[in-house]
Ligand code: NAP
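A lone chain, given as structure tokens: the form predicted alone.
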Amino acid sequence: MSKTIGVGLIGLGTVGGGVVRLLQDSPCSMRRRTGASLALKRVAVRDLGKSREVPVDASLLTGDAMALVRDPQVQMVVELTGAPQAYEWISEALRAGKDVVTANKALLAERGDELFRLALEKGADLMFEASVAGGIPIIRMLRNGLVANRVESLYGILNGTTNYILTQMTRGAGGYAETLRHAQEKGYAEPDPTLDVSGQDAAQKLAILCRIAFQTTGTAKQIFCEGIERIEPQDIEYARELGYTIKLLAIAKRRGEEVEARVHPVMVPSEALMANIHDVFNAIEVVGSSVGTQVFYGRGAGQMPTASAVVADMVELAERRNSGAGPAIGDMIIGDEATAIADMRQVELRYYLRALACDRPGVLAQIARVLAEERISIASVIQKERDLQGGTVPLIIVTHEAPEAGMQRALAALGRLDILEGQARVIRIEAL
């Protein structure tokens, strides 16, 4: 017999509106899968009087999210606000044995361990597909589809804002500030874009993926993170000349008993798949021990792609409840077997180094000497035409693999020389 599951929705913004629309449309495939009906019982909003694109019965609206959580008519709580109080709402729902769906990546990246353990203890489930890469089912694939694999590496373009900015810069649309402004005008970037352009958003998502793929318990704060704010048009041009394209990548790969986990701008070969993911699209490339390379591509944000991921979680929870199956959260609990995140200083990479050097004899030798002291070997050097007015010359150096710590010491030493104008710039190179 069909069972009704009462749903409480916290947040009726862009994604929340998309969820309501999908529930109202309720495709037959969704009804057939659940064997139960998902009935919207309460909706918590900040402004009760606000007009909304998606019509919702006014009697369902409340300004008190905690009252929604505690409502006996609500068996499933869907949290889509990202508000500071989200932890209290979600933990209260789990303590009451209610299943929860959330898209709150920041909360899961920092306090997921607490919430997963609480869910298991209380016999509830916590689903979060929409927290990473919007409509791309990467979490479901890592937890279920690739469960028979040991994941060796994961490369991801996980932030559409930064990918749009770098794509436009690569196409010659302008510098960083100009393309950021265009992204804001188009609605691809927030008025305050810091979370995106600093790489923090991608780091939060990578922390979640690393927990599933590599059994790490580290938070986003433990992941090395560098944003795109200092990328300049000349870096884009020099990268093209060298056969590379610049992307902001989230990278995780096994290194012995540890896992490298880092987010930063990367020069990747221009023929590589990741170099050809454009605009606001996301992509994740996973290498598994049995399946080899798998690629997942699509819209990483937006109303309906993200709402689709939320509703997919709701359908799975309804199926489990209707069939009498227990919670599926056990695989998110990591004990003493947790894998450590490697110290970024010990990671070995190739580097692109750009400096504006005085045009006089012996300058290159001085730079080479500084690098040699850190055992950094030069692979190639490009020297551009001199600036006739300033008497300086752009110098581009590509290195062989070297430890990050050595490169940082070399940069500090170069900064103390009087032969460079301004600070030398470094971008890491990744061979995909």
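Position 1 is the first residue in the sequence shown; the rest follow in order. Values in this document were obtained by computation on a predicted structure and should not be read as measured data.
Form predicted in complex with the named molecule: not shown, discussed below.
Stretch 97-105 is the contacting one of 97-105, 265-273, 338-346, 239-247, since its residues have non-hydrogen atoms within 4.5 Å of the named molecule in the predicted bound form. Of the residues 424, 12, 410, 23, just one reaches the named molecule in the predicted bound form with a heavy atom at 4.5 Å or closer; this is 12.
Listed residues 173, 328, 287, 83 were compared with the named molecule in the predicted bound form; 83 is the one with a heavy atom within 4.5 Å. Although the partner is absent here, residue 53 is not a contact residue: none of its heavy atoms lies within 4.5 angstroms of the named molecule in the predicted bound form. When the named molecule is considered in the predicted bound form, residue 45 lines it closely, a heavy atom lying within 4.5 Å.
A residue is said to contact a partner when one of its heavy atoms sits within 4.5 Å of a partner heavy atom; residue 317 fails this definition for the named molecule in the predicted bound form, lying far away. Taking the partner from elsewhere, residue 146 is found to have every heavy atom lying beyond 4.5 Å of the named molecule in the predicted bound form.
Annotated contacts: 89, 301 and 306 all touch the named molecule in the predicted bound form [non-hydrogen atom within 4.5 angstroms].
Scanning 400-431 for heavy atoms within 4.5 Å of the named molecule in the predicted bound form gives no residues at all.
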